[in-house]
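Starting off, we have a lone chain in the form predicted on its own, written out as structure tokens.
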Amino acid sequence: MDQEQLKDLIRDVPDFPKPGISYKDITTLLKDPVALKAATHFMLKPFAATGVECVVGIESRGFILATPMAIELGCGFAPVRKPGKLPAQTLKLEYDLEYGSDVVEIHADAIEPGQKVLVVDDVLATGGTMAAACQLLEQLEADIVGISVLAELSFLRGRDRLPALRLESAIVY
């Protein structure tokens, strides 16, 4: 299965979560075991030789992709979540969205200083959530070896918010 075939499995849901937004629904890809395996392969391949020690997944669909990648690499997984979802001491960061603000959190002990991490999410849109997650990881003194996303909405220029980091996309719209 190639990247164009994966792209064909992602459906657009118009006017979700609000009018004017065309939501990229990856559940149609995730239900296909061959496609799921291919997607994680394409996302992991550019980083396979970087010495990743922990895969960080962003809530919530990033978890689905990051976990099998961590298993494949033989390393751990750490979640970046919405506020109030993590039970122990956290670091949190508020960031701006086009239509308001949001907050992400990570456990204060999720990453050791200098630990090599790969940050994973399903879709890179405007880049706000990814930039916030990377800022949290920098506060923890992580060595971010890169960012891997299943799909990048290049017309929203999210990549521009992450100029110093290696970013790889399995699919680009």
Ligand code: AMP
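When you see a residue number, it is the position in the sequence shown, counting from 1. For clarity, every value in this text was computed on a predicted model and none was experimentally measured.
What follows is about the form predicted together with the ligand, which we do not show.
Across the options 33-41, 47-55, 117-125, 133-141, residues that bring heavy atoms within 4.5 Å of the ligand in the model of the complex belong to 117-125. The closest heavy atom approach of Arg61 to the ligand in the model of the complex falls within 4.5 Å. Taking the partner from elsewhere, Ser154 is found to have every heavy atom lying beyond 4.5 Å of the ligand in the model of the complex. Using a 4.5 Å cut-off on any heavy atom, none of the residues of 71-89 reaches the ligand in the model of the complex.
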